[in-house]
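As a starting point, one isolated chain is supplied in structure tokens, in the form predicted on its own.
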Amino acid sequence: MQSSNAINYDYTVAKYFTISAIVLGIVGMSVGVLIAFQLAFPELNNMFGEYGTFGRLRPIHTDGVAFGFTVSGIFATWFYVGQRVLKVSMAESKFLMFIGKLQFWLYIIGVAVAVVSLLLGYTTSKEYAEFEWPVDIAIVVVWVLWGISIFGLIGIRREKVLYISVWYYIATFLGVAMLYVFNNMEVPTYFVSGMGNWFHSVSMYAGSNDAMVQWWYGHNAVAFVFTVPIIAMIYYFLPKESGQPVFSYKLSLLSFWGLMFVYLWAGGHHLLYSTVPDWVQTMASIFSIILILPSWGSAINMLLTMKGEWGQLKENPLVKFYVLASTFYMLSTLEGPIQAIKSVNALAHFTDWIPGHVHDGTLGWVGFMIIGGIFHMAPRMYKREIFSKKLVEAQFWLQTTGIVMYFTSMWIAGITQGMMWRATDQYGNLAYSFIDTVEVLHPYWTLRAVGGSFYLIGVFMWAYNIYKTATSSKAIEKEPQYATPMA
């Protein structure tokens, strides 16, 4: 087999998506910090007229981070990892290089149109699926192009064995494709009725059916965007950075098939105490509890990979990112199933505990892995050492502090909220009005916004460090085999 050093990997497309991950991370998270302060200080909603209100900005934050920052990170790492584990260069196929570049530019155009349309208020009002039908079609085209790149590289590979990360990237492609197409089945109203705007549409589903399809999609968008591809990343970057082999390849496969089967049945836990059939709710709760097993199987496998090498945490800040990401993954995948228990959900649903759960996963697990992955890639793509190790360390601790401030404030706020909503006096009347809960929660909302600001500052530090690495850091003559060189 030809050695990896003999292959001249072409990182052109990986660099493109690295830049988009950084830019969209800054945009999406800046909007997130703004709307967090808007919740604490409502007068901030008046800054930019109708275009600066929470309702306009919130889907831009959600989709900007989920489908901008995260998906860009997924694409960037695939076009880096895919070549290396398959032992083939993009430069060896003019067709695949063209497809990769076409995918990037269509993606950027799609992102721009999506942001403008949401800012103007054009939305289907479906969580994680707000885009009208023309944008949906563009997204499907971009996704198909990525699939061509995945299977195209696999088709011309030199390495015959598919490393576990490739399994997870394939599952990401297939899972999101299935979920997105079926949930976004919609009818363009103008072409059916002859009335209204040509880009307006309504869902093909209605009522409880629409709710079930939506949350089958919504929860599994988390599975196949925030979980499966991020596991693909850590199974590559942690062993490469630490020089340690994956603790158990069999456990990685067992966890893979467990996630594939169990995750798809858990979406109904978003619809507890609703009009969907009770058996759907119960089944979703049960599968949510079972989901702890494959999730923790992956996380424990990652942590045990460092067995006997924990000293690297002192010396290598990237290992810190990966290990803490795994820890946040364990925390989030225990917290979610607990919230899916019906008696707990009765307290937690619609409270701030839910965004607390979402963000300890997205900021700690997803964010840390994409940031850490791109830090690992940068010296190998640009052939320069990381500009500043001290800046990486400072970013890690600042962002960790921000995450802890975020989710602890939301845990306390959410449980307080739920208990105040349920509290009654001796006559059975509600003990608190809604505005009473708002007044009590104000300090926690402020703390959440400050914690988000810390994380956002860390993203700017990351962007600066990568920029300086690419442009002016010390050149390295030989690609590092394991630990990433840092000034």
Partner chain sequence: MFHWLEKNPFFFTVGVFLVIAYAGIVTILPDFMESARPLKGTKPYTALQIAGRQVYIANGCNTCHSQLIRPFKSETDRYGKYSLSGEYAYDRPFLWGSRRIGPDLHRVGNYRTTDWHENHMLNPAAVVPGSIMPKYGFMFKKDIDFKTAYAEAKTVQKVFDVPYDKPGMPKLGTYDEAKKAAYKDAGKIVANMKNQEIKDAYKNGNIREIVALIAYLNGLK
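Predicted, not measured: the structure shown is a model, and the values here were computed from it. Numbering follows the first chain given and starts at 1.
Separately, the form predicted in complex with the partner chain exists; it is not shown, and the next lines address it.
At a distance threshold of 4.5 angstroms between non-hydrogen atoms, Ser93 is out of contact with the partner chain in the predicted complex.
Residue contact with the partner chain in the predicted complex: Asp352 places a heavy atom within 4.5 Å of it. At the 4.5 Å threshold, heavy atoms of Met306 stay clear of the partner chain in the predicted complex, well away from it. Using a 4.5 angstroms threshold between heavy atoms, Glu127 counts as touching the partner chain in the predicted complex. With the partner chain omitted here, the record of contacts in the predicted complex names 163 to 171 of 94 to 102, 315 to 323, 401 to 409, 163 to 171, defined by a heavy atom within 4.5 Å.
Candidate site formed by Gly207, Trp215 and Val438: every one of these residues places a non-hydrogen atom within 4.5 angstroms of the partner chain in the predicted complex. Checking Ser285, Asn345, Asn184, Thr333 for any heavy atom within 4.5 Å of the partner chain in the predicted complex turns up a single hit: Asn345. Among Ile108, Ile154, Ile137, Val144, the residue placing a heavy atom within 4.5 Å of the partner chain in the predicted complex is Ile154. Heavy atoms closer than or equal to 4.5 Å to the partner chain in the predicted complex belong, across 442 to 479, to one residue only: Trp445.
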